[in-house]
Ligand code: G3I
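Just one chain is shown here, as structure tokens, and it is the form predicted on its own.
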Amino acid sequence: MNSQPRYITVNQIGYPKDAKKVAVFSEQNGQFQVVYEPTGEVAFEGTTSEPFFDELSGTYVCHADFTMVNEEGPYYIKCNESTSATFTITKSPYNELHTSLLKGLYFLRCGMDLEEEFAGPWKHEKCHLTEAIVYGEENLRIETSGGWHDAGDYGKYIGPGAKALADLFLAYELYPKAFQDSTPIPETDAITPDVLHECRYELEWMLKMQDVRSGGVYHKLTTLEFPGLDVMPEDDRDDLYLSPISATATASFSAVMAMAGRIYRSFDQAFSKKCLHAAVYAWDWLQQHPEISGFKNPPSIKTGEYGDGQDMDERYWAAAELYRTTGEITYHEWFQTYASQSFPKYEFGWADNGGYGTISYLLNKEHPVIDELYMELKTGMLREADKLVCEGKTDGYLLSLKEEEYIWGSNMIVMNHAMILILAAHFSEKEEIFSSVALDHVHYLLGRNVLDICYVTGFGDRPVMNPHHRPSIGDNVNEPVPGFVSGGPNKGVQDEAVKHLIGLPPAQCFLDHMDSYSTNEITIYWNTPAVFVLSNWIHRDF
């Protein structure tokens, strides 16, 4: 942290002018003023709610509602001698942030020069161009360059990549107007939206991860061990290994390739067909391997495992996407078979990802659906959203996170919950309620939290400055790469840097330090749900 938290916390970037606006006060209450920053004039005066103790943040809090302020401009809130960060009220406060979150994926590209024209001071040379060794078949080597580095290290993983792509594809399908502006990136051409150019960079790598002999997909591509914390990508020259094929990787690959086959059809028919062919080939492998197949790191591989012992949700998702893209009845039948099984059907993680299968079925207007199954899934989605609304009402910072959800990557859960709320709004008469609660999650991410920190690098007046991200550490640039979502509070305190936080309330278990991989790492799939959520707000402004 760069200074002590302020007593008054706000979204440090801003609030949409026509939305509900609330600041959270800790350890004080009473009269407050909303001050127009350029002149010092008081634009609004009000009284906070009565304070109550919020267990998850470990502090007494109260709320200051200033929804009545809707004149555009920069403001801050004052109470006695305390002031908040300066924030902006405007019609579209999140456009720049939205672009930067998407640009964050460009900064994670592997296998190409990041040139100063697009990367600014965070440029670096191409990396990881050597052929990868297939683990267990040491004489077999495959060209596997490209794609996105997954996180603060340089591994590349199918499951997390599929989650990231699904978030972006859904955002583009539902909110295309949010992607009208260029990022820009090297491929920018004013024809294909940059979000699809960026996704294609990951898809082209994923296609290399499919075993041409069987259709199965290698689980991940990494070195045997993590490189040093200050090692730049181009200096990481250890041998690359393809971990064995897994059912979870193959099924999530099949799902996103089916999505790509649908989405790229109007931009590049040849690429669309290539993706769909790969999706079907992967599905054939799944049919030949019906047993549940989890993944464990081979003995000599020490990098991130991304293990998952349940593959029913990935198969469910693949069947849904293949049916929506092709209309072939066999995929519909398999979807119904999987839907009858018990597993989470409203989660949007890299492991539990049944929510993508559910939303694919609910959005399927191209082909017939079973009315009873459709209503069952829709009702379940709305029920999940209602639960999140109830959780937010009792939380001091208006967040739906329960104590057990303050885990490694809690900010992904924050944004996944916001995704559920926004998707539920798409199917409900409670659109304004669900959308408003989703926006409360954005406010938390951007500074309205007990630590008074914006969990996105490069944004807010107290942003994360020291993420666990090797290029940000090794590039000799003072500022970290902008546009990365940090992992967030983790009550598990699973690294040495945060051991002194043991015993603190869950929402305080965070440290802005490069060594804290369990609270302050970055990943592709923490950025992408945030892109989805902000896309909703940008799209509605058109």
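Just count from 1 along the sequence shown to find any residue number. Quick caveat: nothing in here was measured; it's all calculated off a predicted structure.
The discussion below concerns the form predicted in complex with the named molecule, not included here.
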### Query
Tell me which of 193 to 201, 238 to 246, 277 to 285, 148 to 156 has residues with heavy atoms within 4.5 angstroms of the named molecule in the model of the complex?
148 to 156
### Touches the named molecule in the model of the complex: residue 142 (any heavy atom, 4.5 Å)
no
### Query
Taking heavy atoms and a 4.5 Å cut-off, does residue 458 contact the named molecule in the model of the complex?
no
### Message
Since only the chain is shown here, I'm wondering whether residue 525 would be in contact with the named molecule in the model of the complex (any heavy atom pair within 4.5 Å).
### Response
yes
### Query
Just to confirm, residue 32 within 4.5 Å of the named molecule in the model of the complex by heavy atoms?
no
### Query
So which of 173, 305, 234, 138 gets a non-hydrogen atom within 4.5 Å of the named molecule in the model of the complex?
305
### Interface residue in the model of the complex among 205, 118, 427, 408, criterion: non-hydrogen atom within 4.5 angstroms of the named molecule
408
### Query
Every residue in 169, 348 and 434 with a non-hydrogen atom within 4.5 Å of the named molecule in the model of the complex?
no
### Task
Let me know which residues along 506 to 521 have a heavy atom within 4.5 Å of the named molecule in the model of the complex, or say none if there are none.
517, 521
